[in-house]
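The chain that follows stands alone, in the form predicted alone, written as structure tokens.
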């Protein structure tokens, strides 16, 4: 069976391997229908990564939507007990309207969501799952981790909101320190705040190496909590084999209306864009459920076959060229399959099938080439 799984294209193989990984950590599979009421997504539009929702009226006249997001559904429907955590994973397709071409697009996703009382163990678990998930795609990968707490505190202390906040966040995301400095000075922002923002835009490296610099950004209880969260995470996973693939970068500030703590963004060698994104989103959990925390990530599988084509040299393990089909031939076929080998039968090798071994079946006898 493993030989068969290994022979599959990456986009087909990954959901199987990731499902096994997530179930080993105690996550239950979450399945949902393709349709949800449009009002549910409309009411939570701030938490969606896209404004493009594909809507239609069903036979009863109710406005429905092709699901643009899995996380919202899990947060809405998950059942948790007081003091306990709910763990779910999914292999689903979502449907969105692209921002550039405005076409409808079906996107393959795998992911995990952890709901409940999030603690340091929960955070370490999700980060380890993200690291192991990326390793399933390519041994050469990086998981970028960030934390919103530091930049949010700096902007809140300066009373920076609205468009000014978006402007500063844009400079930090692009690591554009020159324009950040000039714009802040022209806007009359205090030098102490500008200095903090410049430090934030420059901090990146291995998590254990940047902790001293992060400690200098601690100014209140919220930034102290952010620092302690990262310190505890570093302590928990520092001895893991994939710790070297974990990179800290405070300029990663995606979907700030969605996330409120740790942020995750994953890259693999051959893909030009991120293949993993996630983080902590307590605000969504509290809005929908009224309590609790939430942490998770999604892997985007679309296009991976293009960047990681199937390099199988052979079409099958054994090719049997037969001049007739009978019960004995199919018994031989079943015996080969029971050993995990991929077997094909042809009357002639006119299709130029590439096989590790070619055999011939004639008058009840099987002979090697």
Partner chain sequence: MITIALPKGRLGDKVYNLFAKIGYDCSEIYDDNRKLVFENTENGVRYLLVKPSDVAVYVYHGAADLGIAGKDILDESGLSLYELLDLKLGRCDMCVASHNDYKEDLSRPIRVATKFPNIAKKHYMSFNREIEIIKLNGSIEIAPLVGLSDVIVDIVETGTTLKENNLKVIERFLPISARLIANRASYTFKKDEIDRLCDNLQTVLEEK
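It should be emphasised that the depicted structure is a prediction, and the values quoted were computed from it without experimental measurement. Numbering follows the first chain given and starts at 1.
From this point on, the text means the form predicted together with its partner chain, which you will not see here.
Exercise for review: Can you work out whether its partner chain is within 4.5 angstroms of a heavy atom in all three of 29, 89 and 123 in the model of the complex?
Suggested key: Contact check failed for every one of 29, 89 and 123.
Check your understanding: Given that the partner is absent here, does residue 283 sit within 4.5 Å of its partner chain in the model of the complex, heavy atoms only?
Key -> Contact with its partner chain, no.
Review point. Any chance residue 244 has a heavy atom within 4.5 Å of its partner chain in the model of the complex?
Key: Taking the distances in the model of the complex, the answer for residue 244 is no, it never comes within 4.5 Å of its partner chain.
Practice item. Indicate whether its partner chain has at least one heavy atom within 4.5 Å of a heavy atom of residue 291 in the model of the complex. Key: Answer no; every heavy atom of residue 291 is more than 4.5 Å from its partner chain in the model of the complex.
Exercise for review: Look up in the model of the complex whether residue 79 has a non-hydrogen atom within 4.5 angstroms of its partner chain, and give yes or no.
Suggested key: Residue-level check for residue 79: no, no contact with its partner chain.
Practice item. Let me know the one among 185, 175, 105, 235 whose heavy atoms come within 4.5 Å of its partner chain in the model of the complex, would you? Key: After the contact test, the surviving option is 175.
Practice item. Check each of 260, 73, 132, 271 and return the one that places a heavy atom within 4.5 angstroms of its partner chain in the model of the complex. Key: The option sitting close enough to the partner is 271.
Point to revise | Interface stretch in the model of the complex with its partner chain - options 246 to 254, 148 to 156, 218 to 226, 106 to 114, non-hydrogen atom within 4.5 Å | key: Looking at the partner contacts, the answer comes out as 246 to 254.
Review point. Who in 119 to 144 is close to its partner chain in the model of the complex, meaning a heavy atom within 4.5 Å?
Key: Those in contact are 140, 141, 142, 144.
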